[in-house]
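Heads up, the chain below is alone and in the form predicted alone; it's given as structure tokens.
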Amino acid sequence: MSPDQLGFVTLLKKEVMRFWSVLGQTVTAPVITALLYLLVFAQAMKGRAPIYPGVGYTEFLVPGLIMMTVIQNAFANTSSSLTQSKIMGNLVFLQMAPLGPLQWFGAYITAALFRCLLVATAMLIVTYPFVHLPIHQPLALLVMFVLSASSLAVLGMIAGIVAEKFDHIATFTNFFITPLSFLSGVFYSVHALPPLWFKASHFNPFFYLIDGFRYGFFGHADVPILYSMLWGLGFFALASSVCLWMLVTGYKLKR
């Protein structure tokens, strides 16, 4: 194993063990929160007309909840790790290690993907008694999952690099991640919105991530799957470019 590969594997193991050691907070808690959303909204919207042919509201809701939870956890994993390292002063040890920007980038993103996979799997298991989801387009499902989790993990890295304290991460979460998640069609189809908000929702990248993921289950979506994939790929490419520039230049990292 080359030094670069060894550094990548070591950092990846460190990041995985970081969230694994508090699995109750990092995986169990978000799953319980999403399950509460499911119980409340499924009961409140019981009897509503199917949004897609043959797809009840509960079936429609579950993929959106899964992706919303994935988005929030991917962002939280990388942002909290970097911010914690900066505050505790142990980020300098990573900077002294023979790790290049790509090793940093790859290890943090891969660890976030693993956490999101655990969260998504746990949600599918706990929602199984309520709804049995078909999988009509497994390749599209996998692509949208990877694009969504990776994009938000990269965005979390950017936030973690910029943040000086946890309050900054909370601000980013409360004013960006959470609002865009809730206004992305998790609980409703955008076709039910007034014309102004219908058009506005198409400028929300989270809408395409959730809509494309839902397409993987049902083969139906509010926009063509190609649009969702292109938006997801563009979002990931833009965020990755900014993040790698920060890592290469040491922006807010080298003090």
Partner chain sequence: MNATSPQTAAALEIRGIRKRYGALEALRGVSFDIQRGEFFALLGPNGAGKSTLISIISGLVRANEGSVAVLGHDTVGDFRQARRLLGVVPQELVFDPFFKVRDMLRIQAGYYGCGKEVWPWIDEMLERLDLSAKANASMRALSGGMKRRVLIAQALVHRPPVVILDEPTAGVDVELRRMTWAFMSELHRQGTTVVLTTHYLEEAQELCSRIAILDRGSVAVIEPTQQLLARHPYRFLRIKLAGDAQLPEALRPLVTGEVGGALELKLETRVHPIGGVFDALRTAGVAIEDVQTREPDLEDIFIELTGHSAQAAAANGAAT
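Computed from a predicted structure; not experimentally measured. Positions refer to the first chain, counted from 1.
The form predicted together with the partner chain exists for this protein as well; it is not shown, and the discussion that follows is about that form.
Checking P98, P134, P138, P179 against the partner chain in the predicted complex, a heavy atom within 4.5 Å turns up for just one residue: P98. Not displayed here, the partner chain is kept clear of P129 by more than 4.5 Å at the level of heavy atoms in the predicted complex. Although the partner is absent from this view, Q84 contacts the partner chain in the predicted complex, with a non-hydrogen atom inside 4.5 angstroms.
In the predicted complex, the partner chain lies farther than 4.5 Å from every heavy atom of S241. With a 4.5 Å cutoff on heavy atoms, N90 counts as touching the partner chain in the predicted complex. For a residue to qualify, one of its non-hydrogen atoms must sit within 4.5 Å of the partner chain in the predicted complex; none of T78, T110 and L117 qualifies. Residues P3, D4, L6, G7, T10, L11, K14, M17 are the members of 1 to 17 with a non-hydrogen atom no more than 4.5 angstroms from the partner chain in the predicted complex.
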